[in-house]
Every structure is written in structure tokens, then in C-alpha cells.
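In C-alpha cells, one chain follows: the form predicted on its own.
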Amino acid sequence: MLDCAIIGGGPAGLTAGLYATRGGLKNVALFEMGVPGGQITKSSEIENYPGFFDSTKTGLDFMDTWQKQCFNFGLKHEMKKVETIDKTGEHFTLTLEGGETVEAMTAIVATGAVPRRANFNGEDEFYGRGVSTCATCDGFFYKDKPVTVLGGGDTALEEAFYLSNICSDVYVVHRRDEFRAAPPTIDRATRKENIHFIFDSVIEDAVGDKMGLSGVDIRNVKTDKITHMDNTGLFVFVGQDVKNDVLKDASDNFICKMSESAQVIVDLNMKTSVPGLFVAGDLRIEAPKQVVSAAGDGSIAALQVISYIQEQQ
């Protein structure tokens, strides 16, 4: 039986594995189908992680050292997909793809969330090279330059406001003629002089070359008129898809308490409503969606796992 099963190999999962193994647990496995590292491995530059400032290093380079460090302390990497996790008595049963089962005393789920795609031409081609889903991560690259934001919810307007303090101008493209965001958020954004709104419109194409994004073509959904706008930064905020399927039982019900947006409800110790089950990273409520925060979540969850096991013994 595993002391701890960690599901998800991003910054939260890897850090949880490091702290669990260094903390004395001998039988800890990280379940991740691909190479551990998470979404940050797709980033072309890392500038906002404390102690790491090298513009020649990519997200993949950044996470490579994490893997080596974690596995050095005895963390096992299982390249197997976990289909479900159930509480069976005092322990957990993980059902893997193919029907194999694994028992564990505790579990940390760190499967994260992925930004929803808007599906315009060039979105995938220029992702990480001008197309971004994180203003906090990438906004500084466009200091004193114009950028475009796609979206009309709270996140889109909040990120547009954040960018307005860095960039020269922020053009918010929204397919409707009014926003879905909360009134205070709308009011704050509309009062900012360098935030401009383009209603009834969508991004038709992201254009550029091997150097990256150079501009966007914006289509008015009522007139079909195309307007080209030159800029090197496009931020897409059209929602998040939380990767929570592993927490559903055979009846498609969640095994722990969830928020209305299908994120896991945890306390400050990353504890869920199920004893022995912890959640870390973007899967949890109010996650900042930053590498440094996910790593902090992972360390907290692992330390709590150690305490939980000691209490059970």
C-alpha cells in the first residue's frame, strides 16, 4: 500500500512529492501520464519565479530541475492514468486505466485546470509566442506596448485592468454588446482611460511569423467587417476547464465538496471534505494560477499528509 498517491505532475504535484519523501514517507508515487512539469513547460520564458531569472531558459528547462530533485529523494513516477479515486474504509482505492487498482493511505490530487480555447485561427500556432492566458505571467513582456484582451467576464476585465498598469493601451474584444462581469469590475475597467472596448466582435485570426505574433484580425459579428490591429500581445480569457474527472464516482457524483464552478473546496491546509484527501494547485477554489502558489499548495498538502498518517498510527 502506498503512503501517499499523488495524481498530477505539475508544480503542485512535484512539490508535494518532494516534501512527502523528504519528510520521511517511504512509499510515495506520482501518477502522471506524460513528462512531469505541467502547463508551465509550454512557456517560452520564465520571469516571475523567485530566484529564477534567465531569459534564455524555457518553462521546460525550468521544470527539468524540479523533476531531478524530486525523484532524487525517492518519489516514484507511475506513467499510468488514474480513472477514479474512492475512499474505501480508512484507505483510498485508485482505479487505473485498464482496471488495475492501487491502494493508498492518503491522496493528493493536483490535476489542475486548463484555459479554455477560443478556437480562432492562429491560436495554437502563436500560443506562448504572443498568445497568452496569464496576464500576471506575461504582461511585463509588453510593457508600454498595446495589447488585446479577448473575453467579457470578470477574469477578462480584471486582467485587462492589471495589464492597463503595464501596457500603453488595452483593447478588450467581446462578442456581445454588454459584459457578463460584476458591476464593480465593469465600472473599474471603464474608468481606466487606456482600456478600450470593442463590442460585438471576435478574434478572427492571430497573425505573425517565426518571431511570434504581430497582430490580430477582429471581426464584427453583426457586420462581418474585419479590422486589423497591430500588436504583439493577445490575452485570451474565455474560461477554464477544471480537470476534476478523477474525483467523480461511478454515478458521476463528486466524492468531495465542490464549488459552483466545479473547483474543490479546501481549507488553508488543502484539506477536502474527505479525511485523508488533499487537493493542491489550480483544481482548488480561489487558486491564483501561478507556479509559485501551486508549489506552496503542494508543500502544504504533503506536510498535512505526513501529520495525518502520524495521527492514524
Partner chain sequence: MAKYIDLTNENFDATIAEGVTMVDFWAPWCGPCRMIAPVVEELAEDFDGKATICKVNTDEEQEIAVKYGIRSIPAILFFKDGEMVDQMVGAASKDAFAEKINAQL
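Please read these numbers as outputs of a predicted model, since none were measured by experiment. Here, rigid core means the biggest group of C-alpha atoms that superpose within 1.5 Å across both forms. Residue numbers count along the first chain shown, from 1.
What comes next is about the form predicted in complex with its partner chain, which does not appear here.
A.B. asks: Quick one: of 232, 240, 185, 95, which gets a non-hydrogen atom within 4.5 angstroms of its partner chain in the predicted bound form?
C.D. replies: Only one option qualifies, and that one is 232.
A.B. asks: Identify, from the list 175, 196, 129, 219, the residue with a heavy atom within 4.5 Å of its partner chain in the predicted bound form.
C.D. replies: Exactly one listed residue reaches within 4.5 Å, namely 129.
A.B. asks: Within 4.5 Å, heavy atoms only: does residue 114 come near its partner chain in the predicted bound form?
C.D. replies: It does not: once its partner chain is placed as it appears in the predicted bound form, residue 114 has no heavy atom within 4.5 Å of it.
A.B. asks: Taking heavy atoms only, is residue 137 within 4.5 angstroms of its partner chain in the predicted bound form?
C.D. replies: Result yes; residue 137 sits at the interface with its partner chain in the predicted bound form.
A.B. asks: So in the predicted bound form, does any heavy atom of residue 73 sit within 4.5 Å of its partner chain?
C.D. replies: Output for residue 73 is no: heavy atoms all beyond 4.5 Å of its partner chain.
A.B. asks: Does residue 79 make contact with its partner chain in the predicted bound form, using a 4.5 Å heavy atom cut-off?
C.D. replies: Yes, residue 79 sits close enough to its partner chain in the predicted bound form that at least one of its heavy atoms falls within 4.5 Å.
A.B. asks: Any idea which of 86-94, 141-149, 176-184, 197-205 reaches within 4.5 Å of its partner chain in the predicted bound form, heavy atoms considered?
C.D. replies: Going through the listed ranges, the match is 141-149.
A.B. asks: Do you see a C-alpha shift of 2 Å or more at residue 233 between this form and the one not shown, with the core held fixed?
C.D. replies: Yes: residue 233 shifts by at least 2 Å between this form and the one not shown.
A.B. asks: Any CA movement of 2 Å or more for residue 143 between this form and the one not shown, core superposed?
C.D. replies: Residue 143: C-alpha displaced by 2 Å or more between this form and the one not shown.
A.B. asks: Please check whether, in the predicted bound form, the CA atoms of residue 63 and residue 136 lie closer or farther apart than here, given a change of 3 Å or more.
C.D. replies: Compared with the shown chain, residue 63-residue 136 is closer in the predicted bound form.
A.B. asks: Taking the shown form as the reference, report whether the CA atoms of residue 281 and residue 166 lie closer or farther apart in the predicted bound form; the distance changes by 3 angstroms or more.
C.D. replies: Result: farther.
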